[in-house]
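A single chain comes next, written as structure tokens; it is the form predicted on its own.
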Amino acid sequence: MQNFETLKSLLSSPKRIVITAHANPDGDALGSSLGLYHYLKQLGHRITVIMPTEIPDFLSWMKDYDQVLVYENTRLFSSNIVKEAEIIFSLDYNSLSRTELMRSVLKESTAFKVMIDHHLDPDDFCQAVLSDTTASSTCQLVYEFIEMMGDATLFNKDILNALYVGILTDTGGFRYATSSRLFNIVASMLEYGIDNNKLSDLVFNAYTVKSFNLLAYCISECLEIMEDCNTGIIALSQADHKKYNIQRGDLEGVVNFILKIQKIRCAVLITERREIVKLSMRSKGDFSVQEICANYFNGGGHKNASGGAMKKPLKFVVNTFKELIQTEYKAELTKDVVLEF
């Protein structure tokens, strides 16, 4: 970790600390933030977790979920806390642009900034950096950071439950981005006594009637299969958002259902917002949706899970995606995949 000794020295005495993650936080963003929060509390620091935008309701069971500030709802109050911070942790994002409304106040802060992240090509805005694209999740890296600090004896269920959430969500229940290193960490978590069955149930079986009906609508009415390209698309308009009163978190995991279809290797959920159209992409095997998001949709992420956006009409974005798949990626998506065990 770059400048680890400097950070360790700073953390040796109580500090005012802010923990941040990216806008529209997911399980890894919230899990890594709360896991780090529960660890730093034991060291006597004064800590505030601030998310740029609303956090998903399906994770409301997490310990101290209700202590997290939402910047878009508390701008003045949260800005003052950021300005007073001595250390700022940037978790699960590699560019200040991913914090949206918080970008300016974070950029102007004179605090010592720390990045812990697993996305490609991190920007240079932090003094201490733990960046590893081979890690399954930022939660995995927070676990390793605590070990690096020599504080493995401080692990408790509050820390490990939070970190396990991010590992579960970013690996899709251990279906991708896994490694022997990750499973060794998970084994140590299980030995400590965390309940895999309970946590998996809370994370993956958390649909409300509303969100389940929305999923049914997406699959039955909005799903389009490009059979000649092994690709599936779900596109939702602003009218759909209004009709189903879609809120943050309601579409969690929808794009993953497309990959359950035999032969589908690329899936995308395209959603029209007020001023922007967002894309959430997933893939199987070696096909990289990260490349598509980074090169064409002002985004990025991981090889098999990425996102992007365009300030264009929904129809334009859908057609742009289809044309790219047909002209640039069809051959790769339809080549025979040899499975060896």
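This is a predicted model, so every value here is computed, not measured. All residue numbers refer to positions in the sequence shown, first residue = 1.
Absent from the display: the form predicted in complex with a small molecule. The rest refers to it.
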Query raised in the report: in the predicted bound form, does residue 265 have a heavy atom within 4.5 Å of the small molecule?
Result: no
Query raised in the report: Quick one: does residue 56 come within 4.5 Å of the small molecule in the predicted bound form, counting heavy atoms only?
Result: no
Query raised in the report: Hey, in the predicted bound form, is residue 43 touching the small molecule, heavy atoms inside 4.5 Å?
Result: no
Query raised in the report: Do residue 308 and the small molecule share at least one heavy atom pair within 4.5 Å in the predicted bound form?
Result: yes
Query raised in the report: Quick one: which of 48 to 56, 35 to 43, 63 to 71, 277 to 285 gets within 4.5 Å of the small molecule in the predicted bound form, going by heavy atoms?
Result: 277 to 285
